[in-house]
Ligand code: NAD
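Next up: a single chain in structure tokens, the form predicted on its own.
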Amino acid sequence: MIVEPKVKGFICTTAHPEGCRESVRRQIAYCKEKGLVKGPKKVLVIGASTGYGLASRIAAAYGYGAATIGVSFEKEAKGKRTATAGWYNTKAFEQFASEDGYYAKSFNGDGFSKEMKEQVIETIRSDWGQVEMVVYSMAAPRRTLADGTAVSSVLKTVGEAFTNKTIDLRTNEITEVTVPVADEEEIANTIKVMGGEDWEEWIRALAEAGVLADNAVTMAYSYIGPVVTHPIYKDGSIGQAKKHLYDTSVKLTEEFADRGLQAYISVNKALVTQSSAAIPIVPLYISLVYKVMKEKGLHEGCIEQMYRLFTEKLPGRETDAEGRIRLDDWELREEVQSEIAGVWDSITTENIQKYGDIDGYWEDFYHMFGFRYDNVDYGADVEI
């Protein structure tokens, strides 16, 4: 069938299998061009099908020459409904990795569940013996707890409501949005979904099963961003979860010190992902930061960020005073942020094209779902 993009709000409900394959191919080509460095050879990526998680898996395989296991929760095609982009991404990665001689196994299901942890542990035990690196990149909106209770995360502030500019990406209209305050239960649930509890459960399960190698490394991803987004992100309900994630990294490093485990938080830059597209105010900021960073030759996508993380930051144990790896170092440069701050208050519907990279935002958005690649024939019939 012919697959076209169908955009609803901040997601696309269709995905193009050949376009997703091209996305994966390009990320692999970037790493191949950069070359291999010494690093872990057995890598587990939890949340491995899109965005930073997918880029992590690619960077591990093609930056370290590593065998990888990926865990994700994606939907396959049904009738005339395409599979999710993550489903196609995973299939494409497995095929490319196999052709290049790399071990690649993927599990599709609830990464929060005990059953998924047991399946992965058994595979590590039988195929690898032990895992040397664990990347935790889950970005789920909800979680089913062990007792069957379902909890959801919210995109809200803490303390008081926050009003600021945002952009309606369908019309490029600049409007104001007020982000409401989260109550205590919503904050607690957001921490349950997006904090470090499940990350810790994965590490404990791997260690107790004897499949976590000595001197292993584990990482989870976070974001801090500029002051303008702090009320909705850093200090909001998501930020409370990210603080818990950071505390978990400290806890894991301390508790598994006798095993030599190093647990890190990597603070990454703002990019168009399926998660960030849903956050009020952030898409407007991203369009501005894209414009400035591209003009200064500082822009990176997911794969550039993850390759730099795996081959430069991590091997050098390059961290800030709190022990976090800072991949947002280029984004938060004074020369970048001062330009954005200087135009933020004057941004209007009429001048957003001048100050923002709306086209770049949309290009990245459509690329997430396999669309708008210039070398893919979107008029051709494709097997979904």
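If you're wondering where the values come from, they're calculated on a predicted model, not measured in any experiment. From 1 onward, residues are counted along the sequence shown.
Omitted from view is the form predicted together with this ligand, to which the following refers.
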| item | value |
| --- | --- |
| Partner-contacting position among A85, V134, L271, L284 - heavy atom within 4.5 Å of this ligand in the predicted complex | L271 |
| Contact assignment for this ligand in the predicted complex, among E186, E74, E304, E197, heavy atom within 4.5 Å | E74 |
| Per-stretch contact check against this ligand in the predicted complex, the hit in 291 to 299, 102 to 110, 248 to 256, 159 to 167 (non-hydrogen atom, 4.5 angstroms) | 102 to 110 |
| Contact flag, F93 vs this ligand in the predicted complex, heavy atom cut 4.5 Å | no |
| Non-hydrogen atom contact F310 with this ligand in the predicted complex at 4.5 angstroms | no |
| Close approach of A48 to this ligand in the predicted complex, 4.5 Å, heavy atom | yes |
| Y223 within 4.5 Å of this ligand in the predicted complex, heavy atoms | yes |
| Stretch 225 to 243 - residues with a heavy atom within 4.5 Å of this ligand in the predicted complex | Y233, K242 |
